[in-house]
Each structure stands twice: as C-alpha cells, then as structure tokens.
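Below are two forms of the same protein chain, given as structure tokens: structure 1, then structure 2.
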Structure 1
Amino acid sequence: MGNSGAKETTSGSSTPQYDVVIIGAGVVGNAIARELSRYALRIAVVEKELDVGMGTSARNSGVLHSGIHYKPGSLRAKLNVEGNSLMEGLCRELKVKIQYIGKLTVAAEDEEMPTLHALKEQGEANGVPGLEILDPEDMEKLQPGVRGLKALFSPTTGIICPYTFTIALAESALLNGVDYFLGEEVREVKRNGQKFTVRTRKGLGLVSKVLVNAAGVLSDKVCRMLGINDYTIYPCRGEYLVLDKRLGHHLSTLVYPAPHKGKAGLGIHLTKTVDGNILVGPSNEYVDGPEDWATTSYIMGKLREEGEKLLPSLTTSDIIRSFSGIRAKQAPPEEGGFRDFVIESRTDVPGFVNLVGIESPGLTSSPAIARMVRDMVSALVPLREKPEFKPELDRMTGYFHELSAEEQADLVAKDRDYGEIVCRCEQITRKEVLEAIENPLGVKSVTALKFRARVMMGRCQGGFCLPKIVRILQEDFGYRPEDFFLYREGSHLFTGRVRS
C-alpha cells in the first residue's frame, strides 16, 4: 500500500549520514526518537515491520504501573516512577487518552498482609506517591463488589492505549524531523572508524555516529551483530482475551491479587482499557520464537475460566478476540522472575547505546528511558535544542463517538465526513478513517488503520467495516487488491480481481 511519509528504500543513491540511528520502532525506540527530536540532530529510526509499534508495544496490558513492585535502587523502580509522572504531560501534548484509575492490590487472607505492607514500604522507598492501605469499606467505594481483607491502593496507576501512544510518539518525532524507514530489517551492523554502518535485508544502508538498540525481543540479536554476546533474551509469552465493551463498566479501578513468590507475571487479572474493553490475562509461558504471537486453546481455556470467575456475567459471545505479546526476558526459565533493564552506553563499542530486556514496566518507563538515553547520547554527540521543536500534535484526543451529541453535531456541520459512520461497533467516522489513511507515517497495512482509527476493533472484528474500508481505499485512493496487507510484508489480504 502506498502513501508513505516514511522513507522508501533508495538503493544506489549515496548512503545517508545520521547522528543517531535507532533500531526498532516500539514504544522505547519512538520515545527516544521523539526526545532526541528536540535537538538539532539528524535522526533515523529503522523498523522491520511495515508500521511502528507492531511488536510488544502493541501487545501488552497498557497499564501505567505506579512502581510498587520493583526493588528500590533498580532501574525498573526509578524509571517506572519517573516515567509514570512524565506520562500525563506527554499524553496531553500528544493528544493521547490517559486515565489514572488507580489500582487495588488485594490481600485475601491474613498471611498476605505482610506482603501488602512490604509493597507499601517498597513503593514509598521508590517514591510512589499516595499509597494507602484500605479497609473493605473503602475498597468497596473504589470497586463495588471487590472482596478481600485489605488492599493497597496506588492512585498513580493508570491506563493508556499502548499502540496509540507509540504511534503518537512516532508521529511527533517525524514531524520534528526524524526519518522513518519502515519495512527495513537490520541484518548487519559494522563499526568502522568513528561510525556505524547499518545494512538492511533490502539493501538500505545508513551511516551514523550513534547507534541505539531498541529492538525489543530481538535486542540480543542486534548485540550479536556487533560481537556483543553478553545477553540472551528468553521469550515469554502472555496471552489475552479481549472482552466486549458491554462489560467495561464493571471495572472502575484495577484489582490485582497480592503477588506470590515464584510467580514471574502478576497473575491473571482483569484490566480495563481506555477504550472500555476488558482484557483477561496475561498468561506467562516461555516459548521458542521471539515473535511467536500465537494463542493456544489451552491458555485461552484457562483465561476464560479465570474470566468467568472474576466476572460472573461474562458469556462466550462477550469474548471478541485473543492476542498475545512476548516479554523480552533475560531471566531463563529455570531462574524465573525478573532481571533489571539493561540501558548502557558501551565503552567497548563507543557510540553504541544498548537497551536489553525492556520488559514490564517498559511502556510506563518509556519517557524516562528516553531521557536517560538522551543523557547518554549527549556524552557522544553535542545536543543543541531546536527552537522549532513542536511538542504538540494537532488533533483531537480520543474518538468522535466519545463526544456528546451536541459536539458531534457541530463536528458534522463543520466536516460532513464526520457524519458518515464507517465502523458500526466502535462508531468510527469516515473522517477518522481518512485521517488514518493520510497519517504522516503512511499506511501499508489495514492494521495500521486499525491501530489509528480503531476500525475493525469492535465485536464484529471488521465484518462490517473491512469491506467499507477496502472500498474507500480503492475508490478514493486508487489502491489495487494486491496492495492490501493485513499487517506485515507478505500478508496479502487478497489475490487479485475476480474478473478483469
């Protein structure tokens, strides 16, 4: 699919020179790109998928953690708390929905009380504000129907749409001058003299003074390209079920059981999304493939059982989709648990800023990670602030369907494309679809539209709107059936015309 603000491969022409090249356009790579775009630097982001945020950054719970769970003094603790506090302002600039709905960590029995107190102390040591231990009465006020002895309430726990946020970071970076190379898988990295040469599978070559490894679950592979064999990622899958919005009102805050020793994840739980769905999950299974995003009948069955326990009014038709994400774990299965983030400016490979094992709370920490990387980069290339840096994105926060009828009527009066609903379940308008198609990074897949306009995300999963979107792309933008990808290269949706 065409229309791309991102750079196309230009084989043959001279190799572009950059100050900073970032490998990987997940939330981490984009947060770094956007932070560095404040400065007079030539920056490029190279991403193997056809869009930003197609990896782990689109495949997680979307929770802005408060920071109670991490060991004081660890990078995870520090960056989580700092990232969480930066999020509100950042989301305001980027027009991304954010809701600080808080979280109850519930002790079901007496034996769990010490855990609760320890979490509170740990959180306070990490600088988490507003922590309180609540009685059942106050718990009930926050989440009707919640059961338990006591709960630790963390008011700074929030929710965000992880891919909307990732895309917004990328668009902001792009508008502030960062070059994006999408569909370009880095296969080879060489350091000659003071510079890195990056080469992609399709033959794109880029030269840069600083190289940032933000390749997520594949970050160990990028390390190996530079002869760094210190790290191994053990992919650990988390599967989810997505529930119909109909049930969203059941959750007003997040409720987690008190953590148990020996468990790596936070336990299967319900998470509300900013768009009103509920996620059941994630599970916690080591797998072989770093991008094996399959879901399994065994885990889906478990999730469903858990979901029904936590939400008795759940019926089969409320389950609208399943998906999975992969944690970039450094702890091998026999060790379990978590290791700290690796964020380092390598002295053995000067100019290489390396990020490995950015698992949870990577989303929450991303703005703080970006600042930390900025400080590392400032020691490698001089940073000069650009007066023309524009922090805001010009757009509406959220969707048409979230407005009042009066506001909607006004918008339709201004632009008739708002009056035409393309996606029935999520009530997404033609205007929103057009904006997604014409987004600055370009569109190469229908998933790119899905992640931007929220089409195909509802209970009918595109049954209604996919044909309509295909019609718009064909009639208004001249796409041919062969041009439609579902998400990545080779994922052709159609094989051609029925009749020529």
Structure 2
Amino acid sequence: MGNSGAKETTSGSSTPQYDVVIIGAGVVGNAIARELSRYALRIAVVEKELDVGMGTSARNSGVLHSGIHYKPGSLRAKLNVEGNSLMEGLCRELKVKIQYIGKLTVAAEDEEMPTLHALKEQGEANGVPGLEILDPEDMEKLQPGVRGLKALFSPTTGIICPYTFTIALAESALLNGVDYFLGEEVREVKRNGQKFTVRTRKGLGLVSKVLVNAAGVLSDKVCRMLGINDYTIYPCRGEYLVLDKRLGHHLSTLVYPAPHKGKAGLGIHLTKTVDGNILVGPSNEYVDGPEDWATTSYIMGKLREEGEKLLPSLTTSDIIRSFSGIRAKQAPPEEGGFRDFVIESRTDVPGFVNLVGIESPGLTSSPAIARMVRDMVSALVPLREKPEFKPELDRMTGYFHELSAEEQADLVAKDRDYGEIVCRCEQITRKEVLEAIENPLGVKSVTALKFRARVMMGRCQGGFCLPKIVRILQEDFGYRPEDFFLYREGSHLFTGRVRS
C-alpha cells in the first residue's frame, strides 16, 4: 500500500534500491521522511501497521511541551525547545490545527513549592520564554476554579491533534516522492558491504545506503537485528479517559500537578484537545508487551476519581471512551524517571542512524529531531535540494462544520456531498468521509477514517454513523463485509451477513 513511485533496481534484480530507508511511520519517522524529501534522494518508509501513526504517535495527550521538564544540555531539552518553535510554521504548511493555550503547573502543598522554582530555573536555562510563577488570584484569571498555592505558567505550551499531524507529515512526504510500504513488518536487517538489506514478514526486500531506526517501542528490536545490544525498551502504559465536548469550555489552559521525582510520567492531569474534548490521564504502569494497549477497570476508576477532583462538574455519563498508549522508556521500573533520547549515527555500523527511547516530548521534538537526523544523513550521502519540493498541502484546515455559513454554502453549491451529514455527533459530511476513504496513502481501515474525518469519535462512538459508512464503502467502493478491518490485518469487524 502507499506510493508506488519508480525505484532503482540492481542489475538483474528486482530489489528496490534507496538512498534512505526509514523503519517506522510514527510522528518521528514521518517528520524525518518529510525533511529528507526536500532533497534529491530515493527514500522509503517501512511500517508494520496498515496506516501511519498507529502506535504511540496516536495514543498520547497531543501536548506541545514548552521544555521546562528536562535537564539543561540534554537532547530532550534542546530538541523540545527547538521543536516547539518550529511547530507553528510547520502546522501552517500542513494545514493542521494548533493552539498555544499555555500550562499551569500547580503546587498544591508547601513541599511542592521548591519544585516550581526549580522548574522555572531549568526552563529558563533551556531557553523557554515567558515563564512566570503566579499566585492564586492570577491562576484563577487564567483557569477559573483551579486550586493550589501557586503555579508555574508556561505560555508556549500548546495542543495539537497528534494523529492528524502525523498523517499530514506522511502525506507531505508522499507528495514529495517518498515511497511508503504499509503493512510490512520488518523481520530481518543485514549490512552487506556498504548497504543494508531490509526484509519484511511478507517477503518485501529493500536495499539502502542509509538505514534510519525510528521504530519507537520496537527500536531495541531493530538494534538487535544488527547485533547492537546496548539498549532495552521497557514499555510503560498510560491510560486516558475521553470526556464529552460538553465540558470543553471548562478548560482554557492546561493544568498539571507539580511532578514528583522518580515517576514515569508527569502525573494525571486534564488536557484540552484542539477538537474540543478533554482528556483525563495518563496513568503510569510498566507492562510486559510493547503493544499492550489494554484499558483496565481499576485505572479507569482512578482516573475518574482524579478527574472529579480536577473538574467537579464531571459525571460518569460525560466519559465517552478510554484508550491507552505506550511510552518507549529506557529507564527500568526500579529506576523510574526519564533517560535522555538516543539519536546517533553509529560508527560500528556505518550508515545506521539510530533513534531509541523517543518518549515524551517526542511529538514536540519531532521537527527538530528530523533536522538533526538530516544533518547525520548529510554526512553519509550527498544532499542536493529539490527546487520542486512542495511545502504546503492543498487541503482545508479543520472540518466543514468549523467554516462560516457563507463558506459552507459555497462548498455545498460546488459539491452537494458537503450537504449530507454522515456523523451527527461530530457534524462530518459525506464529502469528508469520501475524501478520507480516498486518502493519498491508500489506507482503508475504519480507524483510518476516524483519524482523518473524526467520524465515530463523538458521544455515540459510531452507533449512528458506522452503518452509513459501511453502506458507503459497499455501494461506492465495492467492499465486502469480510474486507473491513478495524485497524490492522485480522481485526475483522464482520464475518458475513445475517441476511442477504
């Protein structure tokens, strides 16, 4: 699936030849692909899932961190602040919604006050602008109802839709000539002479001068394929509750508790999303599997309790969904806390650019990580800028229902599919569903439609719109019931028909 652009092959062989192959189509892998697509290179991205951004990149808070939490001089600190500064311009090019709404890190007890001052000093050392410690009166002006002794306000903290952003990066890379191989799980990587050979479970083979490991929670596994045993990823699960949009107006800025040393995350908090929901979470729990995305009744109960403390008007009926994500932690459970990013061009395996342990703030840092990897690649293969590079995507920012009445009328006059609502909860039109089905990457899972058009994301969670979407897929695109996957091969929605 994906782009089927022309590729060089070796004499007498059909194995595609590339300058750069990237393993992993999460936010970091796609940011690297897009950055490298500015240059006259043959680039491929290999991803085991049927779509981009299906792992940690879609399963997080969507927060653009300011850079207050990371040790000065560390890669996490440097790339966080740089990535934050690049995001606004990048989102403008990609037509992705972004909001810098700021964050209050709240000290609820006297013993937490030194943490606020330490965070402020650390943030200023990292180059984070506008940091200020506020008293309760000023906290109340920013976020009515917030409770605490004082709070550190970071104005450059923002929010973004992580899966929309990841998809947009991939579509931009695709537009600029990158080949995508989706549904291709890498099973073997070998270095032969001056090149790498990558083979997948389905038998796909690719040859490349440079190999980039952006496999996230599976990055240590890729390392071991090349005999590198320096790293181990300890999966750490964070669960979330998604609240109905009814409560969205209650949160005008992000509210976090003061962090406690040794914890695997930044604590349970409320996060507003760019689409109007509020997230409660995440929890922190080390798990055995790198894809153990379960949600548990115990943690959901704890999140509900914490949510009610932070948002007293919250009721059980306001919780419309739960989900979880996995942090790619290098720190084992007995150590806790965070280790720095690993981003290296290996001298023992020339041509191998290795990224390990890219957990938070990986989303925020992704544009800066891409530039850092670009510079590493430039030392391995020559980079020549392409004058035909297209930085902007030709699409609408946001959704039809967010346009003015006049703009909506103009679109309906041009295409009457804009005049038919398919998803009542999110007010998504038939035209938007059709565009999601016909996405440039060629992805046809139900989750792909959710991530591109927000169908099935409202209060009814698809109870109203899923039958309509199934009908569109059958009647307009010739799908059979057994063709429907939720998100990966084997995740069947239907096994047949009850009646013909």
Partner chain sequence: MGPKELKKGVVVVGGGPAGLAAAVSAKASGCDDVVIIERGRMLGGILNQCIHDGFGLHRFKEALSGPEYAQRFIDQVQDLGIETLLNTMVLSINDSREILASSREGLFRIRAGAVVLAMGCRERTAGAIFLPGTRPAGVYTAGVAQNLINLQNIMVGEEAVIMGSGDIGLIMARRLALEGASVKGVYEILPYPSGLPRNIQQCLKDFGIPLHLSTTVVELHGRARLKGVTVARVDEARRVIQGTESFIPCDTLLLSVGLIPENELSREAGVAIEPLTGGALVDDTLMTSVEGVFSCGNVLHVHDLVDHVSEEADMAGHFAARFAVGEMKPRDSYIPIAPGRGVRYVLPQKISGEMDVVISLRVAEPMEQKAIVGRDQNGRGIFRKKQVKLHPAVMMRIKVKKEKLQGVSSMEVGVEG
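Along the sequence of structure 1, residues get numbers from 1 upward. Throughout, rigid core stands for the largest set of C-alpha atoms superposing within 1.5 Å between the two forms. It should be emphasised that the depicted structure is a prediction, and the values quoted were computed from it without experimental measurement.
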Seminar exercise, completed: The form predicted alone? Structure 2
Exercise. Does residue 111 show a Cα shift reaching 2 Å between structures 1 and 2 after rigid-core superposition?
Worked result: yes
